[in-house]
Structures are given as structure tokens and as C-alpha cells.
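One chain is shown next in C-alpha cells, namely the form predicted on its own.
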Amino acid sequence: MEKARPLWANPLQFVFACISYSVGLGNVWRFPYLCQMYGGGSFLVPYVIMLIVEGMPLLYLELAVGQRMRQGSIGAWRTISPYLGGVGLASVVVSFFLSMYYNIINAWAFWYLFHSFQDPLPWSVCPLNGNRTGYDEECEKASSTQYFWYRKTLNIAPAIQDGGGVQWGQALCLVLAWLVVYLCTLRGTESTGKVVYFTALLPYCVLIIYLVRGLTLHGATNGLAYMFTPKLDQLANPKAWINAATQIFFSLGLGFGSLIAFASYNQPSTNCQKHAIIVSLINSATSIFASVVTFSIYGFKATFNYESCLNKVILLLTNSFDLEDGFLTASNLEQVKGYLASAFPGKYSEVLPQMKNCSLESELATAVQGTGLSFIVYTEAIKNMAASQLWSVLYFFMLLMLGIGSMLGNTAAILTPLTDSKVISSHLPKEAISGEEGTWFPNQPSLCFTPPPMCSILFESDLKAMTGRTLNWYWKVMWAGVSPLLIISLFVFYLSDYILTGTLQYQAWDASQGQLVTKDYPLYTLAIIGLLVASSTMCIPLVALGTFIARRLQGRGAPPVA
């Protein structure tokens, strides 16, 4: 007798699991960057439109498919058509690649969290050089936060083809990150359902604390004004709309199979339409809320750097022209500079190369995303706060909760199809692919493949039979035309963009200059990138071909009908 499928203890666990998965690092470190790049408040216009025409329809569709089929991505697509099993397999491969690097970010969060208990913070000052006569040269050319990230944390090589040894501290943090994921998924929905309460709720507690602290920081209003001041000309920029659509797609985690896996543990009568709307709105609201927090901190950092720059210029001019202490201030600096340039042109021209051009606008306009925002910009701001250790612990604990929550979804996309597979479960002992409940399997650029929208696989009658609710015109129009066209347009844009870009490039750390430099990928890395892309995309035609051949062979071997 087949064992009954595990279920969430209550609908709230399912909603929290979806929120914990979708609300991740991208909400904290990519959405604020997109706002900064594409017009501040005006970026919300394409973002909300893409949420309505792409995010909610596709999220509802994935939840409905998982709940109706009650299988992981491979089984769901194979049920739709045996020839489409490769689409589910491709999403499993992509989720595997995603998990491999996503958990490394969790390892970095652990690394910074452990170092946050030191006083002073290890990234707050540059270390002394070998003979202890001054600061380390690389750190002086960069900054203490950049030095700690690139040298102490990554110990980064000058180029991708240059090898390096094992960083044992990082390796131990990575083992710890995988151990946490294993423990969180040990008993399947029973343990995951309890963990998601923490991974979904605790980041909001930290964000609220940071919001209160951020709004009280000097210069926070400068950052918020920069964020909410709309630049309407960006609405005519196609890249603003493309990036809004991409952010919605990947922030919700569409197409990876995680949402299908989560929904497959729902009661068949669950109102997944309501859950799709709730999760998508909470995800987008969180992105905006996190941006308010980020820009308040960013405004503090920019104002601090701007005022530090002004103070250095004031000190330089005061010493160079023997001015009275306190005479030169930020308010009369430009006026005095003009007077000194006209009254002492020779001496002023000698001092001019040493003066930095201080601009608050340029500090605010410095766009940073990803690890640069979390591990450099935020740490730069944190080190200048009072009780910096406390704020550092809170911040990296929040990153860890966001990362673990997303990892639960990533692993679900891998484990659910494996446990659904009778071939795998019949050849391996239960303990090899699951915890005690026999439900889960502890497993070790992300745009390799994203399955197309499942627009024609779930009919109105299926949804009505499952939930008792009739499908309204909005979902029909989105599924039948708007969402598929949008996904195809995104695919064509990115494909043409990669072709027109030419040689792919990456940023490497130049220790001699103390800054990032752009380099071309070597040929062998391009071959590896191609293999990674092919390993997912080729699943679709190969599985379809294999199914076709198997059916033809079965048809030939069948006995003739009398």
C-alpha cells in the first residue's frame, strides 16, 4: 500500500514556507540597487506592473500545478506529458547549481557573524604591515572593509585562472551551513514547517530594528530623499522594465520547482489563489521596506564619507595657508576656495592636486549590489555606528535567516522529485535519501534555464474541481497571452544581449591598485559556462527523445492484437 503524502500541519506553515523561500537576499541587496540605477521611486511603476502581469499569475499557476499534481517538478511535468519530463529535470539541475553557490553565501554570513563578536570589528581598521611601521599597503589603497572582504575572507587570486589553497575557515563555515540545512530538512515537512516560522519572521524583526536605528542616523534623510525622488525619464528606458520583470521573476523564485514542491504537500482543497496573492504582495512589500532600511543606512554612509572628505579638505587648506582654526567651515568652503585661488594662484595650484572633489550626490549615486552591498557597503556603515558589534550581529543573523529560508526552497526543488521517483526510492534505503520520515534528501551565473510558463496545462475545470472556485478573466488573460509573451520577450532580450556583448567579462581584485578591474574570461571557463547551460537545457530534448524512442520500441515489441 502506497504511503500517504506528507502534508503541512496547517496552511500558515505553507504560506510561511513560500515567504521564507521568496523573501531572500535579492530583496535586500538587489532591489535597492535597481531603485538606485533606474530612477528611484519611478522604478516602482514598472515593478508593480510586472508584478500584476507576470509575478502573481505565474506564482498562482505554479502553486496550482503542485497542489493538483501532488508531485515534484519532474512528476508534474511528466503527468502533463511524458515528453515534458525533461522540463522538470532541467529545473532540478538548475536548483542544484543554485544551491551549490547559494549556501556559500550562507557560509560567508556565518564567517562575518562569528567575527562580529570581536572588539573592535576586524574590518574597522587596517592591519599593520610586516615590520609594524605602518598600515598594510593593500588596505591603505583600498579600505579596511574591502581589505577584510577580498583578502581576509576570500583571499582572492588576481585572476580566475590563478589557483589558490583551501581557506579552512571558510570551508568549516560551509560545512556548518550544510549541516544547518540538513537539520532543517531532516524530518521533511514536519521539521521544515517549524523552521520556516523563524526564517520567515525573524528577518522582519531585524529589519524593523534597523529601520528605527537607520532613521535616527545622521544623513539618513539624504538617502531616503535620493530613493523616493523619481526620475521619470527612466520610464522610457527599456532596461528598467526588463530588470523589473527579471527581479519579480527571480525574487518570487518562479520556474525552479520549489513552489511546485511546496504546494504538493497542501490539502487539495487549499485556496492557493489567495496564497499566491498574499505571498507576492508580501514579497514586493518586503523589497520596498528593505529599500527604505538600506537607503537610510546608505544615506548615513554617504553623508559620513562626504563630511570626512570636507574635513580633510578643510584641514589641508587650513595648514597650507595658515588659516585660523575654525575659520574654514563646510558652509564657506567654496567661497574661501575661490578667494584663495584668486589671491594666491601659485600656491593654490600646488595644493589643488591634493584636494578631493567632495560631492554628496556622487556618494549617493555609487551603485552597489550583491556581495558588495552586504559585505562592504553595509559593513562600512556598521563600523561607524555606536555599539557596532550589536548591529553587525543583527545584520548577519538576518542575512543568515534569509539565506537558510531560501535554501529550504532550493533543496525542496531537488528532494521532492527524488523522493517521488519510484526508481530512486526502490534502489536506495530510506535513510540514504531522507530523514526518519522518509521525505527528504540531504544535499550538498543562476540563469541557466527557467522553464516556460505552464499556460495550457491546467484548465478551469481542474481548478474548480480542486478548490471549488471559478477562474476569473484576469487569470485567463494572463495565462493565455500576456505572461507567455513576456517570458519569451525576456528570453529573446537576454539571448541577444549575451550575443551582442561579445566576450564575457568578470571583475577581479587588483591588490596593487586596491580596486576591482575588468578582465576577459579565459576560453576554458567559457567552455565550462557552456557545459553548465547545456546540462540543464539539454535535459528537455534528450528526455523527449528518450521517451519517443522508448515508446517506439515498446510499440514494436507488443504482441499483435487478434
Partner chain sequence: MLCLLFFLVTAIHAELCHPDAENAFKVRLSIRSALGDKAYAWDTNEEYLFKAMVAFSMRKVPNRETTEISHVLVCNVTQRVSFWFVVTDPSKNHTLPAVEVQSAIRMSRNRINSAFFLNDQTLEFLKIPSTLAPPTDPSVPIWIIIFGVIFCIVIVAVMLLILSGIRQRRRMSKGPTEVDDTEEKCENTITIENGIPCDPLDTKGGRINDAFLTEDERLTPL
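All values reported here derive from a predicted model rather than from experimental measurement. In this text, rigid core is short for the largest set of C-alphas that superpose within 1.5 Å between two forms. Residue numbers count along the first chain shown, from 1.
As for the form predicted in complex with the partner chain, it is not shown, yet the points below apply to it.
Partner proximity in the predicted bound form, defined as non-hydrogen atoms within 4.5 angstroms of the partner chain, places exactly one of 129-137, 350-358, 297-305, 228-236 at the interface: 129-137. Contact annotation for residue 309: none of its heavy atoms lies within 4.5 Å of the partner chain in the predicted bound form. Using a 4.5 angstroms threshold between heavy atoms, residue 169 counts as touching the partner chain in the predicted bound form.
In the predicted bound form, the partner chain lies farther than 4.5 Å from every heavy atom of residue 141. Contact annotation for residue 115: at least one heavy atom lies within 4.5 Å of the partner chain in the predicted bound form. Taken together, 173, 176 and 182 are fully in contact with the partner chain in the predicted bound form: each brings a heavy atom within 4.5 Å. The partner is absent here; in the predicted bound form, the one residue of 242, 323, 394, 154 having a heavy atom within 4.5 Å of the partner chain is 323. When you look in the predicted bound form, the only residue of 319, 362, 216, 329 with a non-hydrogen atom within 4.5 Å of the partner chain is 319. Relative to the superposed core, residue 339 shifts its CA atom by 2 Å or more between this form and the one not shown.
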